[in-house]
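The chain below stands alone and is given as C-alpha cells, in the form predicted alone.
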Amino acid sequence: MRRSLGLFAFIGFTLFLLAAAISLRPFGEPVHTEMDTYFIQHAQEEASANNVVTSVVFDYRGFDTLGEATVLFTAVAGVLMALRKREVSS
C-alpha cells in the first residue's frame, strides 16, 4: 500500500512537471509587454530618471524595494543573533 502510494505520488509529480514544462513561454517573450512599453516611454518624464531600471526600482516599486530591504536586514540580524558567541558565566 505504501509503495503504491509513493509510486502514485511520483507519477503525479512527474506529470505535473511535464505539464509545467510544456506550458512555459519561450525564452525572451515577456508576458506583459504593454507595461514594459509604458515604463520605457514614461520613465523619464514621470520619475525624472534617465535610467529606466532605476526609475522602476526606486520610483514605481519603491515600497516593494523597501520591503525587500527590510526582510533582508531582518534575516541578516536574525542569523547574526543566532550565531553570536555567548559568554558563559561560572
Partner chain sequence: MTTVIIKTTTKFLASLILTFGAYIILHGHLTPGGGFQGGAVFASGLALLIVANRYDDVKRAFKRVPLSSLESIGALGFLGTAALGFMGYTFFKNVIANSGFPLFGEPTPIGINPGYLNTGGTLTYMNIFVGTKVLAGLTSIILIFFLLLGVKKDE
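Throughout, rigid core stands for the largest set of C-alpha atoms superposing within 1.5 Å between the two forms. Note that this is a predicted model, so its numbers are computed, not measured. Residue numbers count along the first chain shown, from 1.
Not on display, but discussed next: the form predicted in complex with its partner chain.
- None of the heavy atoms of Thr33 is located within 4.5 Å of its partner chain in the predicted complex.
- Using a 4.5 Å cutoff between non-hydrogen atoms, Thr37 does not count as a contact of its partner chain in the predicted complex.
- Within this chain, Ala69 lines the site of its partner chain in the predicted complex, having a heavy atom no more than 4.5 Å away.
- Of the heavy atoms in Phe27, none are within 4.5 Å of its partner chain in the predicted complex.
- Residues of 51-84 that come within 4.5 Å of its partner chain in the predicted complex, judged by any heavy atom, are Asn51, Thr54, Ser55, Phe58, Asp59, Gly62, Phe63, Thr65, Leu66, Glu68, Ala69, Leu72, Phe73, Val76, Val79, Leu80, Leu83 in sequence order.
- Phe10 is not among the residues whose C-alpha shifts by 2 Å or more between this form and the one not shown once the rigid core is aligned; its shift stays under 2 Å.
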